[in-house]
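This document opens with one chain alone, in structure tokens, the form predicted on its own.
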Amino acid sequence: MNNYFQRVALSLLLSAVSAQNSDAYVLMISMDGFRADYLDRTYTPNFDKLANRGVKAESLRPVFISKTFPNHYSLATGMYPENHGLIANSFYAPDLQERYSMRDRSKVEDGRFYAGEPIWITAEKQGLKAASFYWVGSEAQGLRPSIWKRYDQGVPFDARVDSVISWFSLPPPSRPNLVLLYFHEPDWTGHAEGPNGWKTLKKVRDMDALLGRILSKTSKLDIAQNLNIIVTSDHGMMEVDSEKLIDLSAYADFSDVRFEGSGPTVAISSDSEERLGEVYESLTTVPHCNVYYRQDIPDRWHYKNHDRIGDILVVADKGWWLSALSHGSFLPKGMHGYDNDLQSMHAIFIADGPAFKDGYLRGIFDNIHVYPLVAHILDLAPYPGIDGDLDAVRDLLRD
């Protein structure tokens, strides 16, 4: 009974805090695959304007593996993939005896695959409304904010922006204090053309123009003086070519083990320790990559303490591409998923608004710290299980 009254008291306290601070707003924008140094390689006046008015990080370090779904969910939860469970874009989940794939709508919307508490749920639980236009996890049952959209890449970017503006224009009882907005560029073009392609840099300029329209439209909102805008991305992009393709099936027999992935990482699992040992020994002879049993994966990746992570992980050196050609392979010109310490994998972080300092530049930080930062701006009590730490990014905030 005492625990019941404690929970009620905490709920009332959190609701009161949220009600007192409901004039704070956050728009968090993700531009997928926006490599940090793109800003130095072409003309981006609107990004420069936002950074000069607010704060900018040298770069944002993604979580490993540096893929879209794990990183968007880490941005949303403040947790490493080994804790939130979304360990790759596609993977086998032995705890559910099912396979997750970002291309399988039934799995994307299945809340069982997602652990932790995304920032929009933290907001909703504490009395604030939240909205998402395509953020990873926001479509899953049990994790949906008040307003959410089922992913449709064909929806024009301007239409997405117009929807967000309309949400921020709703009357206070219905207006979200937190909105997350996703764009699939420049990632889409970066895969097709590589990070050094002129079409990719043209797309970066297009995204800069889009940011300009967002800044113009949000400046006319009634809440403009209370709105904090964060522009970030999930990972960078690296050049790859067919001369660096490694056919793992030339070194090991995968006929009776589970083989997951291609490109920067490959995961292998089996119930047979003997077969795992045979495969591991064979793969140690493969050049331009490192092979780890799960327990030996480097601690700095925070990528070993979950059963969904393969028994064996193979990680390619930068620019190299792993595949078992018997399983098929598609080789793009640009790719991500490599070691998250590589600068080419790093993302952007730029923010402006009443919560942030003016014209402040800081060094690299990890994307798990974005969740506690947003929670602080909205005066929310963060989920207790996060890996992120507000103190790691407190310097971004006004005194």
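Counting begins at 1, following the sequence as shown. This structure is a prediction, so every number in the text was calculated from the model and none was measured.
What comes next is about the form predicted together with a small molecule, which is not displayed.
Subject >> the small molecule: the contacting residue among H184, K217, R258, R112 in the predicted bound form [heavy atom, 4.5 Å] >> reply: If I apply the 4.5 Å criterion carefully, the residue I get is H184.
**OP:** Would you mind picking the one in M102, L245, L221, V155 that has a heavy atom within 4.5 Å of the small molecule in the predicted bound form?
**Re:** It is M102 that has a heavy atom within 4.5 Å of the partner.
**OP:** Work out which of the listed stretches, 269-277, 298-306, 102-110, 313-321, brings a heavy atom within 4.5 angstroms of the small molecule in the predicted bound form.
**Re:** Going by heavy atoms within 4.5 Å, the stretch is 102-110.
Original post:
So in the predicted bound form, are N89, H191 and H336 all sitting within 4.5 Å of the small molecule, heavy atoms only?
Top reply: Checking in the predicted bound form: N89, H191 and H336 are all within 4.5 Å of the small molecule.
Original post:
So in the predicted bound form, does any heavy atom of K67 sit within 4.5 Å of the small molecule?
Top reply: Yes, K67 lies within 4.5 Å of the small molecule in the predicted bound form.
**OP:** Considering only heavy atoms, tell me if V204 and the small molecule come within 4.5 Å of each other in the predicted bound form.
**Re:** No, V204 sits far enough from the small molecule in the predicted bound form that none of its heavy atoms falls within 4.5 Å.
Original post:
Contact between E117 and the small molecule in the predicted bound form at 4.5 Å, heavy atoms?
Top reply: Contact with the small molecule, no.
Subject >> Contact flag, W148 vs the small molecule in the predicted bound form, heavy atom cut 4.5 Å >> reply: Judged by the heavy-atom cut-off of 4.5 Å, W148 is well away from the small molecule in the predicted bound form.
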